[in-house]
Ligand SMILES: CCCC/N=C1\SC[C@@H]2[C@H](O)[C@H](O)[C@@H](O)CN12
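Heads up, the chain below is alone and in the form predicted on its own; it's given as structure tokens.
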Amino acid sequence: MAPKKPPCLPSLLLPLLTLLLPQADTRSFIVDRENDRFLLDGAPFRYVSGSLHYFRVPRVLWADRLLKMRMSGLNAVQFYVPWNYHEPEPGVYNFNGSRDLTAFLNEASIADLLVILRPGPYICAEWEMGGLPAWLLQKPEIQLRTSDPDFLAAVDSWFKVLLPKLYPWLYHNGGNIISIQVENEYGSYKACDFTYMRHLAGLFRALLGDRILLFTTDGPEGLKCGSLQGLYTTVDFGPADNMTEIFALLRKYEPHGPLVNSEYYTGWLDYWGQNHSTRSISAVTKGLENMLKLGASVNMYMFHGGTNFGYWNGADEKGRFLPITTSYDYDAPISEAGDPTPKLFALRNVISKFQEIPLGPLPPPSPKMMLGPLTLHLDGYLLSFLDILCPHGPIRSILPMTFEAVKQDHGFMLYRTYLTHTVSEPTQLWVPNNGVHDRAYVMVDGVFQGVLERNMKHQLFLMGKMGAKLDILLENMGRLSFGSNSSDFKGLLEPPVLGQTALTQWLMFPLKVDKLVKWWFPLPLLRSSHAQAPSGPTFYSTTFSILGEGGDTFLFLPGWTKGQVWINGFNLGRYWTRQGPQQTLYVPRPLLFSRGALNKITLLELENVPSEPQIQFLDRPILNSTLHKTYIYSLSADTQSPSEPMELSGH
């Protein structure tokens, strides 16, 4: 018999090291139902959390925002995962750059923040289509957020990619994710499809295991259809709501365990054409203190709002179509530019009564910069760039097709036809069944005629000779993001009617405006000179330099009407100066080249250019100038307006 080898030193030490080192197996986050509390690693625990959306903040600023949240006394961060941000086409995934979800989880870990994750598949969040990808609508009959096999197949495919990425970050696996929400405010959706919810719960369990805490969130009126046995039930409400009544209602669905408000509203969202929403410091702090006295766990929505860059804003339907502004400042404790506000310090003071606040001061506000005014120069009419904007040429169809039918998710599409007879008197152009989704800019032989708008402006009067070119530029202003979330198709949903004639034989140009701005417009262009300001969709641009390091700034567009703006090729978002309330666009310092390097700003003005096509960069935002007011910027003016009652619509 061969002699036994003596055990080597490492093998003798291994059991000892196993006992000494903290193990992932000893980590746990569970509900202690007997004592109505959470237990973290066996010890009583309550989270005071805040919402921040990585997709609304440039990656380079994640660490700054998370540190400020931790220094405010929070011990957790809550955030969504927007499916459409990561799967732009079926089977094509993007987790790079500002979409690097695991990098954000790591930044939260560095900031010593636990994570409450809300991966959907539907998230609302005032985000385009509530986070659902628009390509789902390429199957026009699909029933979103139900057990429709087409929808479930797409969801299953997505979660089989996403959830394994999250698995190593679960708390019991050594990560920082303590709980995961299934769906989002499903009780506010018309379907009430428990088969769908059970399917999701089973999918989460199959891919994430049995140890992670899964939960649901609903407003008080949504608990009946939104809660599901086996998922922990939480509720959401704001400072103006009756906390006692709502928590009593929650107890009917979750008799034992900690009380949880998953969305305690610190402010509210803004719609174009309405007042900037604010929520008073005293109301927010009083409500938080009362909940913490009850031992409840609370997540504040939002703690830092951020920005709907590009085309990512969502929309609501409240009697009419209400697109959401580019700014998602939300009157949150940390401003859109990442600065601590008086609301933050007041909330920090409340939190300090219940748990330890990290030592040290909060970082100060970031440096701000003023520049201008700068004069912009005409690059040309949008119609002049069709060959570049639509390099593969138009799509031909007897009837107009939707954005979704031609696989154009965002931005703009041009519809073109030719008049089949002379229209010598002003004749009504309209689209039946409110079929303009969402805003149409109408031109005859290149001359701007006016606007048709969903729910708001249904007709124009036109004249033109036989053979005249009728162009209708359609803008997708953001798909519905809350509640009914019915399939919100974009473009011309019905053939336009001129007089009594339904117009047919359409050319459709899906426009790649961002590619034009990023790749073509940096090249020198022959400038057009016009004695008067042009109207209709037109590109303007200029270059400028910044001496020194510069700082965060706010782009002000006095006299401009409506459009889209890019800085150094980055799509900053929509402006609608004429409509308000938002008058400035937040420009993060990392987007700008400093120390004398040239920066390029490009505007696509959709309607009317001011007689002096100028812009300015300000050192503070203007978020509350509403429709038809005179806009006067003053360095000393208090830009706060009285808050208006806020109707809960969910997130």
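These figures come from a predicted structure and were not determined experimentally. Heads up: residue numbers just count along the shown sequence, starting at 1.
Keep in mind that the form predicted in complex with the ligand is not shown, yet the notes after this line are about it.
- Although the chain is displayed without it, the ligand can be placed by superposition from its pose in the predicted bound form; doing so yields three or more atoms within 2.4 Å of backbone or C-beta atoms, and the site is blocked.
- The single contact residue among Y265, Y189, F403, W560, judged by any heavy atom lying within 4.5 Å of the ligand in the predicted bound form, is Y265.
- Just one of Y575, Y80, F303, F104 comes within 4.5 Å of the ligand in the predicted bound form, counting any heavy atom, and that one is Y80.
- At the 4.5 Å threshold, heavy atoms of F556 stay clear of the ligand in the predicted bound form, well away from it.
- The ligand in the predicted bound form is approached by L269, whose closest heavy atom lies within 4.5 angstroms of it.
- At the 4.5 Å threshold, heavy atoms of N184 reach the ligand in the predicted bound form.
- Of the heavy atoms in I178, none are within 4.5 Å of the ligand in the predicted bound form.
- Against the ligand in the predicted bound form, the set A125, D236 and Y330 is in full contact: each member has a heavy atom within 4.5 Å.
- Residues within 4.5 angstroms of the ligand in the predicted bound form, judged by any non-hydrogen atom, belong to 125-133 and to none of the other stretches in 125-133, 407-415, 470-478, 198-206.
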